[in-house]
Structures are given as structure tokens and as C-alpha cells.
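As a starting point, one isolated chain is supplied in C-alpha cells, in the form predicted alone.
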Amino acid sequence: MNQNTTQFLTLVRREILRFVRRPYNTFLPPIITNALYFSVFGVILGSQIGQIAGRSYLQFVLPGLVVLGAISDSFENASFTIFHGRWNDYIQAVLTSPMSNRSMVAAYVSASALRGIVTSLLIIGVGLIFTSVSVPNPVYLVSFLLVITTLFGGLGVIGGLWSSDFDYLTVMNQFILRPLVFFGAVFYSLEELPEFWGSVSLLNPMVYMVNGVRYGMIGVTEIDPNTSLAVLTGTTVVVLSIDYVLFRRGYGLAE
């Protein structure tokens, strides 16, 4: 094992331990929140709404809630660890190490993506208590989750470097990302919207993520999954490239 690999794995391990050691703060909240979602939207309202696209309402909303948890936790993990490291100056220990900028970005994003994936699996586990899914397209499900969590891990790095206060992190997560997901066809089908609003919804990138995961989990989608996956993959590459450039230039890392 060469030096770069050892350094990369060491930082990844540190970042993983940071959220694994605090499960009550990292994993318990999404479990409780989604149990409430499933109880209210799936059991209580779902029985009144009936089926959408040949699936029960709970099966239809489950993929969207998985996306919501995945992007929230992957973004939050990366943005918080970068900003907290800047705030308390311990990120300097990483910056002064012989690690390459590429390895630093890869480590932070990998750990954040892993947290997002673990959260996704927990939400799926909670959902399976209330309903069942056959997962007809597991390759698409895994591919979309990997791309989505990596993308928002990368965006979280940008957010952590840009933020000058903890409130910035809350604003980005609670008032930008979450609303976009809620209006990303999580709780409804695009076909139910008037034509104008259906067209407007296609400008929301979350629509493509939700439909991609939905296709993997229950075989239902309103958008071509191959196109969505290609566009999201390309966007992820661009975001990771921006992360690398920001680290190389020291943006937000040095006064």
C-alpha cells in the first residue's frame, strides 16, 4: 500500500468514525422522521389516495424519502466537517500533511457519500416495516444512490468552504435542498400536475433523482433513467472538479 493510499484511508476512517460514534445524532433522527412520514403519508393518507402508477401510495413515496435522506446527510456531513474544521482550525492538520488535494477531496466526499448511503438503507429498512418493494432494477438503484450521494458530498464540500457561519449550513440544507426535494415529485406524480407546472418541474434536478431511484426500487419512472443517470454523473464530475480547484487554491481554507 503506497503512501497516498494510506493517507486517504486514514482520513476516510477519521471521517467515518466522526459520524459512527454519534448514532443518536446522525442515524436516529432520519429513522424517527421517516417512521412518522410513513405513518402519516403511507398508512393514514395512503389509504385515501389509493394507487399511483399501479403501486400503493407508500411504495410510490418511499424512493423520494430515500433520496431526501441521502442528499441531506451526505451534504450535511461534508459541509459540517469542512466548516467545523475551519472554525476550530484542526483542518490545518490535514492541509499541512503530504496528502494531495485530490486525496483530500476524495476522502471527504467518500465518507459523506457513505453516510448518505447508510441513511438510505436505514430509511428503506423503516419503509419495509410498512410496505414491501421488489426492487426490479437493483443496478439502477445502486447507481443512482452512489451518484446522488457523491454529488451532494461534493456540493457539501463547496458549502463548507463557502460558509462563514453555521447558519449558512442550515439555510442551504433546510431552505434550499429540502424544498427542492419536496417539489421533486416525491409525494405526487408529474402527470397529476397541470401541463405548465409539469414542465416547470422538469427544471428541478431532484425530479430526475427521485424518478431514477423510484425506477430502481419499484420499476416506475416518468423520465428516461439512462438520460438522468448520464446527466447526474456528468454533473458530479463537474462538482468534484470544482472541489479540487477550490482546495488547490486554498479557497476558504486560509485567511
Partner chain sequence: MTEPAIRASGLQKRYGDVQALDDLDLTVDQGEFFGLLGPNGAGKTTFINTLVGLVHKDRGTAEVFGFDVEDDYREARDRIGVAPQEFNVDRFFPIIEVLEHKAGYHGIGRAEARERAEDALKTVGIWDKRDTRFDWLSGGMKRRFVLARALVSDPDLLILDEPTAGVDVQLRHDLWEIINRMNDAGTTILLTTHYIEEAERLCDRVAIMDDGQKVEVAAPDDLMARGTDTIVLGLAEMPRTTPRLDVEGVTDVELTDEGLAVTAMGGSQTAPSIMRELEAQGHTVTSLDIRRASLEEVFVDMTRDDREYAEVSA
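Numbering follows the first chain given and starts at 1. If you're wondering where the values come from, they're calculated on a predicted model, not measured in any experiment.
In what follows, reference is made to the form predicted together with the partner chain, a form of this protein that is not presented.
Note on the partner interface in the model of the complex: the residue among V135, L95, V171, L128 having a heavy atom within 4.5 angstroms of the partner chain is L95. With a 4.5 Å cutoff on heavy atoms, L17 counts as touching the partner chain in the model of the complex. Among heavy atoms of S164, none comes within 4.5 Å of the partner chain in the model of the complex. The closest heavy atom approach of L11 to the partner chain in the model of the complex falls within 4.5 Å. Under a 4.5 angstroms non-hydrogen atom cutoff, the partner chain in the model of the complex has Y90 among its neighbouring residues. Between 120-128, 81-89, 137-145, 176-184, the stretch whose residues reach within 4.5 angstroms of the partner chain in the model of the complex through a non-hydrogen atom is 81-89.
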